[in-house]
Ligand code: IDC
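One chain is shown next in structure tokens, namely the form predicted alone.
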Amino acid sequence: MKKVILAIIAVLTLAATVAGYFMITNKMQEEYDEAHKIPETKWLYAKGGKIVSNIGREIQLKGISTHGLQWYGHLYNAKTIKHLRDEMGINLFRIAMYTDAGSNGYAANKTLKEKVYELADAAIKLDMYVIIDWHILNDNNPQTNKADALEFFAEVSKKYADEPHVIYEICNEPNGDTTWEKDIKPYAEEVIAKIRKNSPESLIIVGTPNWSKEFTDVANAPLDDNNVAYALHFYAGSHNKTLRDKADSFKRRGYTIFVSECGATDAAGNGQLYEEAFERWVTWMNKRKISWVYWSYSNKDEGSAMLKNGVEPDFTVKGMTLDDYLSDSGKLVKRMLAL
């Protein structure tokens, strides 16, 4: 009987020793893992058709765009961005700086960059991402104002060289007879080289042909850069499943899509809201974790404007909320951002 008791004690002692060993080993492993864990940074990377963090976590940004700074710059400041973040739930703010001289854009009005810097600094301070958008439109071809673009992006990328919150959109909507091979790609290669000289890790968005809606030529001759996303722009009243299918095909080939502008009206930004069609688009983007930006925060007399026509929110009034000033477009995107 004594031998049996001693044997039982020996087994229990061994079990306790083994358990203690594994507890110590597991604790040591946990401590080691914690000490050697790679911290997640704010930098974003286009990889395998996704936007990911440095540790591979997939990221979706949702945001709102300004209209032209030369017309509506008075509507945008740090308080505006904070209200949009807190009330609309956005984590991204897009600064649309028109470039053509005919619209009093950057080519004719270099002071616009000071407003860009003001807003970018405000968004960064609020821990938000910000797109600095070289908003070509009426100038059609990014080659038109390339010299200005090279100068601007050399300066802005130097200013924000170490700032992961800043995303560069280097050509908004190439259009007309502009082609990928002849115009957009050579332009993008030059501008990206300027940015990379200062900021090798920044995410860059490149516009695609036909108002950022065509991907065939891009897929056949993509840019030789590891951190580029390609722009897709849509308006729910003019674009439907056909465009989504093209985008899906492009994404399946491993290219990253970024919807840096979209709206619930027709392509002109005016007229009625196509609410059900826009919700289909939002559902599509959210399912694929495609980042998207709504056009636009302005009080312009058009259907896409998020504020009531001519109304300017007064953020100095205590208790003021955006809800008091939102148009039907603004109310719609607030609902869609919550999906």
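Since the structure is predicted, the reported quantities are computational estimates derived from the model, not experimental observations. All residue numbers are counted from 1 along the displayed sequence.
Keep in mind that the form predicted in complex with this ligand is missing from the display, and what follows is about it.
Enquirer: Is Y235 near this ligand? Define near as a heavy atom within 4.5 Å, in the predicted complex.
Expert: Yes, Y235 sits close enough to this ligand in the predicted complex that at least one of its heavy atoms falls within 4.5 Å.
Enquirer: Quick one: is E302 in contact with this ligand in the predicted complex, heavy atoms, 4.5 Å cut-off?
Expert: Heavy-atom contact with this ligand at 4.5 Å: present for E302.
Enquirer: Would Y187 count as touching this ligand in the predicted complex under a 4.5 Å heavy atom rule?
Expert: The answer is no: Y187 has no heavy atom within 4.5 Å of this ligand.
Enquirer: Would you please decide whether A267 lies within 4.5 angstroms of this ligand in the predicted complex, comparing each non-hydrogen atom pair?
Expert: Judged by the heavy-atom cut-off of 4.5 Å, A267 is in contact with this ligand in the predicted complex.
Enquirer: Give a yes or no on whether every one of Y98, H135 and W295 sits within 4.5 angstroms of this ligand in the predicted complex by heavy atom.
Expert: Verified in the predicted complex; spot residues all in contact, yes.
Enquirer: Please pick out the stretch from 268-276, 307-315, 282-290, 45-53 that is in contact with this ligand in the predicted complex, where contact means heavy atoms within 4.5 Å.
Expert: Every other range fails; the passing one is 268-276.
Enquirer: If you apply a 4.5 angstroms heavy atom cut-off, which residues in 54-83 are near this ligand in the predicted complex?
Expert: Residues within 4.5 Å: H67, W71.
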